[in-house]
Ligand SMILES: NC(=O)c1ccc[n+]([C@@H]2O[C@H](COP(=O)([O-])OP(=O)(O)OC[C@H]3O[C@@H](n4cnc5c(N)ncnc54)[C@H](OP(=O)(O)O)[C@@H]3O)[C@@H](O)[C@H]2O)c1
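This document starts with one chain, in the form predicted on its own, laid out as structure tokens.
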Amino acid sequence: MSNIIDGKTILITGGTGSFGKCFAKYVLEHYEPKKFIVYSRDEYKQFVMSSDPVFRRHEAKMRYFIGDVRDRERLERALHGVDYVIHAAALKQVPACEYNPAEAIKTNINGAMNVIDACLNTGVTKVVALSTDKAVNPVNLYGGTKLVSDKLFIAANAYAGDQDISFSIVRYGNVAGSRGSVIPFFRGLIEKGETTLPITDYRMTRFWISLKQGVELVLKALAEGKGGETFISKIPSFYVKDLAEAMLPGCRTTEVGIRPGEKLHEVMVTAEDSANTMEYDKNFIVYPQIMFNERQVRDMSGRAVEDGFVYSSGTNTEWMTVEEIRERLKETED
């Protein structure tokens, strides 16, 4: 992967979240950016982030910008002189989006439009937006808003004109150990002395991706994206019931039923997308059906997937054993 970070100014929306902090640390420890800007709306989280020893060590390059993606004027002010934008800001909690649909639309859809317009107006050259498996065949409002957001970022390449700018997407599911995911939920129960862990459905599967792998996928999209691509990592699957066994050996489990808006399996590539999907050594790329400008080209070093191909955690060819899950859990303990 070529080094396109050195000497560049990077801004990340929603930068105080788990991904934002991990991405910022990785970039600062491996590259020499000119400036790294954290754009978010919570001043306390920015204060806590700025107190981290890693960010204090690189404080000459760090900037903390209070703002909301709902505010285009504020975005444009923050984006002057910025080279690359990572769009990670979103309302992500499924129940919260169901109970507050208008707010989800304002942040996840209107906010995406504001980021796109602000990037087009300020000379940004590369934009990578974070997507989710829930945007694929969505069954809840969060997934629906992220599907619209993805379409907006892909179509944004149509408005580039002669500008040197590209918009690409990276897609993955819940990051292992992230807030609100099953690993910290199980840990909380175990710490309370529970000996029985609830499983929504014994058939349920998920992909396993670490924060570092998510960061590396974004960097790949920055380095290789020409515009309109959706980058998807090749990662292993696991059964949630095996995760329970890995975390609490010999535990009893009880099946409690799938929650509203929850899926049995994570799907990253649909059969409908297979006609535009290429497979590479470590990832898939879903290319847009419409190429919006002459800079958008397919990387033909891969191979086209079979018609009707689906990349799902339930039909994946790579699976984690209980022992492998237990080993990977160590990465989530920090």
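If you're wondering where the values come from, they're calculated on a predicted model, not measured in any experiment. We number the residues from 1 along the sequence you see.
One more form of this protein, predicted in complex with this ligand, exists but is not displayed; see below.
Between this ligand and the residues Leu79, Leu147, Val240, Val175, the one pair within 4.5 Å by heavy atoms in the predicted bound form involves Val175. Heavy atoms within 4.5 Å of this ligand in the predicted bound form are found in exactly one of 289 to 297, 23 to 31, 61 to 69, 303 to 311, that being 61 to 69. A residue is said to contact a partner when one of its heavy atoms sits within 4.5 Å of a partner heavy atom; Ser18 meets this definition for this ligand in the predicted bound form. Interface residue remark: Lys92 is counted as part of the site for this ligand in the predicted bound form, having a heavy atom within 4.5 Å. Using a 4.5 angstroms threshold between heavy atoms, Tyr142 counts as touching this ligand in the predicted bound form. Though the partner is left out of this view, Arg179 does reach within 4.5 Å of this ligand in the predicted bound form, counting heavy atoms only. Taking a 4.5 Å heavy atom cutoff to this ligand in the predicted bound form, the contacting residues in 39 to 64 are Tyr39, Ser40, Arg41, Asp42, Lys45.
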